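Starting off, we have a lone chain in the form predicted on its own, written out as structure tokens.
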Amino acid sequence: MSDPKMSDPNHQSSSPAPRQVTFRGGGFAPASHRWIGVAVFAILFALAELGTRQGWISPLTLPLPSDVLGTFGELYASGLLWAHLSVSLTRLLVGAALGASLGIAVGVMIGLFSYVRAGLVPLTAALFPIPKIALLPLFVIWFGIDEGSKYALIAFGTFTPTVVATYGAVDNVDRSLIRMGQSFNLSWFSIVRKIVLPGAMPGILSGLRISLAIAIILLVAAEMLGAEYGIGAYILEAGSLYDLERLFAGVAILSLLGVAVSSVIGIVERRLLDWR
């Protein structure tokens, strides 16, 4: 017997209508809220200004942020800002480029070749914990007190963390993807170029963030010895004169330099990792 409900064309089914489920795949994707970072800096600036003006903070320990901005403006108007910043940027770019490029190359070789790993991982482990600033007198003896020692210190300080981050990133590439490439009969070079390097790139770029931050620290240390121009030399001179406005202006320049470097790494990440 046929069901009368099925034969009635005007009968509506009692089953609920299908409900559309919203896409939640991007739930863990980082969202961009740049105004929050600007608001945090503005709030800290306002609190420091208010606290110093009201006497809650001694001006001998923290100058007025507005006075620091005035000093920054004077530094810009006199042309000394570019004189110091251009020298520091040249040292940072040359030293960090040497250290990072060599570190990435060595880290990739450690991750790919077992004999290289056996020989260089113990050496890297021995060099990594050495305070790089402590080697500055040795680099001065080897390369002189001019630019060579500064480049060498920044390059060496950038090299070791980049090596560690790079071969760690290569080791963390999903091995099932490599086996899949082998099953499709890809060559060794194709697997490295199309699977290993793209898979390791997020970890390499994260390591570069840390390496470049270390490079800025070593830049200041290197410029405090035998340098006429540079942000480190400017900070050293301001500290010896107990000129807090100039001292904090130099520190602010370093902070802005760190933000700029981080922004550049972010742009590179968006370009190279858009496949994610």
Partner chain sequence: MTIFTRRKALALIGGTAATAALATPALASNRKITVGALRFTSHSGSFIGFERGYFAKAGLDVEFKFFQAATPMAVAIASGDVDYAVTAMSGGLVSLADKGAVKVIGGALSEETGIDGQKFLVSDAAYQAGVTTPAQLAGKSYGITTAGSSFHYMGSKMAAAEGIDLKFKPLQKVGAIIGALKSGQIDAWSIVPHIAKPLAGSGKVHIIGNVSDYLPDYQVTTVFTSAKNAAGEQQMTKDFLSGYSMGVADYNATMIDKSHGEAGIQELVDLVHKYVYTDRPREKAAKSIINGTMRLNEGAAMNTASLQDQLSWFQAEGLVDQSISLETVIDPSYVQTLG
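Just so it is clear, the structure is predicted and the values come from calculations on it, not from any experiment. Residue numbers count along the first chain shown, from 1.
Omitted here: the form predicted together with its partner chain. The next part is about that form.
- Checked against its partner chain in the predicted complex, the residues Gly226, Gly37, Gly70, Gly55 give one hit for a heavy atom within 4.5 Å, which is Gly226.
- Note on contacts: among Ala97, Met109, Val140, Leu89, the single residue with a heavy atom within 4.5 Å of its partner chain in the predicted complex is Val140.
- Looking at 81-89, 160-168, 140-148, 109-117, the stretch with residues near its partner chain in the predicted complex, meaning non-hydrogen atoms within 4.5 angstroms, turns out to be 140-148.
- Though the partner is left out of this view, Leu60 does reach within 4.5 Å of its partner chain in the predicted complex, counting heavy atoms only.
- In the predicted complex, its partner chain lies farther than 4.5 Å from every heavy atom of Ser66.
- Within this chain, Leu236 lines the site of its partner chain in the predicted complex, having a heavy atom no more than 4.5 Å away.
- Within 4.5 Å of any heavy atom of its partner chain in the predicted complex lies no heavy atom of Phe41.
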